[in-house]
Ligand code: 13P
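Shown below, as structure tokens, is a lone chain in the form predicted on its own; questions about how it binds or moves come after it.
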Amino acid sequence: MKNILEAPFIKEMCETAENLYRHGWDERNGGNISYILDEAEVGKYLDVKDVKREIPMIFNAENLADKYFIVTGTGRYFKNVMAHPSENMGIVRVQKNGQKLDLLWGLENGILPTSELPSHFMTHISRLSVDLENKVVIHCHATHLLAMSFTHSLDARDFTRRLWQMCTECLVVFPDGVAVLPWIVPGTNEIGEATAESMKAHRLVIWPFHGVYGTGKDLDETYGLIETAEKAAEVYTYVQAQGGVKQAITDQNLKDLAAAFHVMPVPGYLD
């Protein structure tokens, strides 16, 4: 059996958590990550029959039965993940009945998976229904997107267009735009259901006054998706501080960009 700490998925999770923390997007125990793992890959590092303990769920994850995940722990600080991975994240398998998780590694000292796990699992189910390659969900408190939710219209079309207009690459990276939810108590099935519904059409969901949810096929893609939207929000912040928009990328520019890069913007979002 190989050393689990040498597994690529462990190293990638540690690096992603470190980068999120260094950006200031995951202060204290803010933010969480979940990543679907391949059983054969997990089996190279762990005895998948050796269940350390069972963890009950507040959400029926039957649709994810027998899937393996690496997840961050509740109350854990991202700044500590790199140095102490087994204390701050764990590998779990969803039981067939969807009501419990089998803990196979990590989450030491009785730590539980992130309190946002219902939202993560609902999002995974939603994204897998439209794209079987989507394996990662990242939630973080991206600073400028968070700030923008206080000062900008929360209409999804308006919010998306503003981000597209702030940085040329945005339309190329997320032509499916962003969804924007009303404020909902985090850690509940309600916010999970609303996020999952939005994820059927979008890979980015803004939780106003809180943060952002992003999804993708791997950690790099998902991190980059959030990073791109956050950069646009940062530019928006600077533009507002400098007196507001005097010229911008036009809708025709965006249409030309979409044609050149063979992407399809959200229907009805360009005039």
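The structure presented is a predicted model; accordingly, all values stated were derived computationally and were not measured. From 1 onward, residues are counted along the sequence shown.
Keep in mind that the form predicted together with ligand 13P is missing from the display, and what follows is about it.
The partner is absent here; in the predicted bound form, the one residue of S115, T143, T168, N189 having a heavy atom within 4.5 Å of ligand 13P is S115. Only one of K67, K52, H210, K217 comes within 4.5 Å of ligand 13P in the predicted bound form through a heavy atom, and that residue is H210. Ligand 13P is not shown here, but in the predicted bound form it comes within 4.5 Å of a heavy atom of H139. Within this chain, T74 lines the site of ligand 13P in the predicted bound form, having a heavy atom no more than 4.5 Å away. Remark: N29 counts among the residues lining ligand 13P in the predicted bound form, judged by a heavy atom distance of 4.5 Å or less.
With ligand 13P left out of view, the stretch that reaches within 4.5 Å of it through heavy atoms in the predicted bound form is, among 115-123, 95-103, 150-158, 174-182, 115-123.
Of all the residues from 168-185, none has a non-hydrogen atom no more than 4.5 Å from ligand 13P in the predicted bound form.
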